[in-house]
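Just one chain follows, in the form predicted alone, and it is written as structure tokens.
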Amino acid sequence: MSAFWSGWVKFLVVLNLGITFFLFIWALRVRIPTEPDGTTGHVWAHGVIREGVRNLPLWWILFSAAMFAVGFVYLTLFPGFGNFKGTLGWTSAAELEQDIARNEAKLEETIRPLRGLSIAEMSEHPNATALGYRLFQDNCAACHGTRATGNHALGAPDLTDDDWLYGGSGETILASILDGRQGTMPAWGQVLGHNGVNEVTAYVLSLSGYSVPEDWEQAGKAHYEKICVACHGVDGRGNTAVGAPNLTDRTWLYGGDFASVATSVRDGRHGIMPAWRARLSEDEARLIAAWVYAQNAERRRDEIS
């Protein structure tokens, strides 16, 4: 704070304290003119109600005096009077650093026993998944949703099912978090033309069991075998090595209606999972991976039961 602004703050503090203290003392000493009956002479309701005058109650006087004393002590001990730092030397920055240090110490106590475990093993620890969920909310929920069920508008995958673009092992999930992923679906609109896009779309939907026109399905299969099989495979079950999705399980990144699938075929898609290595420590990323892994495991157990 510059000398000018420090002086301005001091002036305002002195002015406000001075005015309020003067009014406090004046209220104790002022004498209000009264009538012989002890009232001010102000009447309402045709004289039924008359304004009386009473001294300030003792509790109010003592409480107000105590508040002035507290204010003076505070400005002596703590910063608040311009550039004066206070006799205690307290700063909000120092208190924040102390709080962060205490929090990191507690976090270290929790994480230390987990470091030697795999992601799958960590997913069985309530402390790990609780911390992982909190970190997921802070860093991942904006795209994947608060319960990790994904977002078709962004192409953010559902992390609670058993469908994985790059594999669902704990270490693969961790790699996706730390280093990110970039998936590209080429645009085939110019190659296929309008009818070809519709035919390929129909065939792709048929792989998931949807009913489509038979002639479109057969024509789409021929196109698929020429341009799509290299990534998605002959059976359409995808390829985790390149992040090509499984087309047979009715799980869709951008929506599974005809128009959405046709848009993917015609215009292509470019999905980006940002790399979080610069923002998250490896311990934090492992905790998130453990929570994500646990959600998938819970869903599998629910389906079995």
Ligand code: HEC
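As the structure is a prediction and not an experimental result, all values here were calculated from the model. Note that residue numbering follows the sequence shown and begins at 1.
The same protein also has a form predicted in complex with the ligand, omitted here; what follows describes it.
J.: State yes or no: in the predicted complex, is some non-hydrogen atom of Gly155 no more than 4.5 angstroms from a non-hydrogen atom of the ligand?
T.: Yes, Gly155 lies within 4.5 Å of the ligand in the predicted complex.
J.: Answer yes if any heavy atom of Ser176 is within 4.5 Å of a heavy atom of the ligand in the predicted complex; otherwise answer no.
T.: The answer is yes: Ser176 has a heavy atom within 4.5 Å of the ligand.
J.: For Val242, is any heavy atom within 4.5 Å of the ligand in the predicted complex, or not?
T.: Yes, Val242 sits close enough to the ligand in the predicted complex that at least one of its heavy atoms falls within 4.5 Å.
J.: Is there a heavy atom of Asp163 lying 4.5 Å or less from a heavy atom of the ligand in the predicted complex?
T.: Asp163: yes, in contact with the ligand in the predicted complex.
J.: Going by heavy atom distances of 4.5 angstroms or less, which of Asn127, Thr149, Asn139, Ser118 would be at the interface with the ligand in the predicted complex?
T.: After the contact test, the surviving option is Asn139.
J.: Within 4.5 angstroms, counting heavy atoms, which one of the listed stretches 248-256, 50-58, 37-45, 65-73 is next to the ligand in the predicted complex?
T.: It is 248-256 that comes within 4.5 Å of the partner.
J.: For the stretch 248-277, which residues lie within 4.5 Å of the ligand in the predicted complex by non-hydrogen atom distance?
T.: Contacts from 248-277: Thr251, Trp252, Leu253, Tyr254, Gly255, Val261, Ser264, Val265, Arg269, His270, Gly271, Ile272, Met273, Pro274, Trp276.
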